[in-house]
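Single chain ahead, written as structure tokens, the form predicted on its own.
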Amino acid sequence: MASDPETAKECREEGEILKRVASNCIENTGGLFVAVEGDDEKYAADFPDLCSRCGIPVRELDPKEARELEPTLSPKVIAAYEVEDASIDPFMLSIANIDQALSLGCFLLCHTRVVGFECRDRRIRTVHLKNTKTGEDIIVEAEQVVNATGAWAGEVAALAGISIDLLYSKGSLLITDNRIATRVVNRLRPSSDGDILVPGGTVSLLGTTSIRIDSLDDIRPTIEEMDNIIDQCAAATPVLKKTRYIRAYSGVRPLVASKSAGDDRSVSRSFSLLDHVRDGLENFVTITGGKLSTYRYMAEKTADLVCTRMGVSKPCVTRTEPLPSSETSRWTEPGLAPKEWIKKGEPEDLILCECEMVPRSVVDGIVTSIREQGGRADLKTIGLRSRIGKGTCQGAFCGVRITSYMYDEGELHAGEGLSDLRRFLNERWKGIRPILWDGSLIQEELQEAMHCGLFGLEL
């Protein structure tokens, strides 16, 4: 906030819009900013003024009151402020956006990579794509081309002969096996590693880091990052030292700035909309950077530019019209499957994922929706649309159950299931490897014995 007030203001305004138009994807948790002994007291004292400059409502709390609101806070809290905040279900939000786009006549090509452009007379004439699973080549002729590929925006633009000066900042996070706090808890200090704890349904997320990387080929969390995040977050929430963690993951922030920039945290987290007319292409646009909380605004500004080129003057409606609820995304909500299963009262509806209580009727519905979108159901795609694999066992048991069930239903044949199970567990392993201690290590030893010893799967 102190280093980038414009982005903070942008996030606040967009957050209010998303609470209205996508309320089913957002939990309005509220938030706290807390300083502990050893933190900069002047920075903490200046916090209300920083909030005021960004138009953010803030209320000062006595440390005792803050601990009453969040009992897991450290007794060493010396300053606390209450702010508006929320957590978001990124799976539900993403699928709801995809479903609405499909309902409006869009096409979705999964597992598809841009491999080249044919440019002529200052325009992109064709976009060459390749399906990474089947090897199929696809050619698209589009009136306008939008490059919205996130951290890969520079690589895609380079295929059209355009250079975008991006730097890559890796951020890693941890997921706990239960919900630690009811509110988002931020460390009240200049932006640094391990300064936020976010409740997300039945779990909590803590992070994050900011590490400059040079390649997008191998993005994964490290043990050193996990140790640092826990140490830093535990200063405000000591219980995190004894908490069980079920997963870690990493993402990359594409930051538009000079490669010579020193501290990635000093680079603006705002987005960049690049009109490539200046680069010699009249129908090519790149949108990159930004945050999840500003995704709608990024899309609005991009659509405005494209529509202006096409002579369309109709205003964007996503600011006011609600995002329709999506039946295919509803099962990403933590705790929903067991509630629905109990309400239906159908004990014969076999539970396939015990950690998250996902029954076979939910899997059936997800498989049908994947098929209707032209895809093929596997453990990964089912997991993206539900809670399977996201519980304490991280797919150790539900992976086998669902694979067996899909064989019974004729969705898998011959060796497809074992190959699918191996890929699914390998993906889970990436997030488990950095947190192999205590309960997680015991769980993983059990998984190794079961999958490698019993099933002969070499992971």
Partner chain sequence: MSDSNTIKFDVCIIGTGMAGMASALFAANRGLSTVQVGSTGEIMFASGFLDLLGVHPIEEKRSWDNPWEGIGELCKDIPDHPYARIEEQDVRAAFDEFLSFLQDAGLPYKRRNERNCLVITSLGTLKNTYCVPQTVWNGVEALETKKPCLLVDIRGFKGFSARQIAAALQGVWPDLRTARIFFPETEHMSEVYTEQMARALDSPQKREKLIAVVKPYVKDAQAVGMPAIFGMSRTSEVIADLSEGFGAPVFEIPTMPPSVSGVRLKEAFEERIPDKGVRLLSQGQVLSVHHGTDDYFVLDMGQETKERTIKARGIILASGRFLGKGLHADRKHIRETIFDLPVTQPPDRTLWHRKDFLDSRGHPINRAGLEIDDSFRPLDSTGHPAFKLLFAAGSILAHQDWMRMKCGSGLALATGFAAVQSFVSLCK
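Numbering follows the first chain given and starts at 1. The structure displayed is predicted, hence computed values, not measured ones.
The discussion below concerns the form predicted together with its partner chain, not included here.
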Options 411-419, 33-41, 60-68, 47-55; stretch whose heavy atom lies within 4.5 Å of its partner chain in the model of the complex: 411-419
Would Arg220 sit within 4.5 Å of its partner chain in the model of the complex, counting heavy atoms only? yes
Residue-level contact is defined here as any heavy atom of the residue lying within 4.5 Å of its partner chain in the model of the complex; does Gly391 satisfy this criterion? no
Any of the heavy atoms of Glu13 lying within 4.5 Å of its partner chain in the model of the complex? no
Ser404 within 4.5 Å of its partner chain in the model of the complex, heavy atoms: yes
Asp165, Glu372, Glu354, Glu321: which sits within 4.5 Å of its partner chain in the model of the complex by any heavy atom? Glu354
For 197-236: residues with a non-hydrogen atom within 4.5 angstroms of its partner chain in the model of the complex? Asp218, Arg220, Ile223, Glu224, Met226, Asp227, Ile230, Asp231
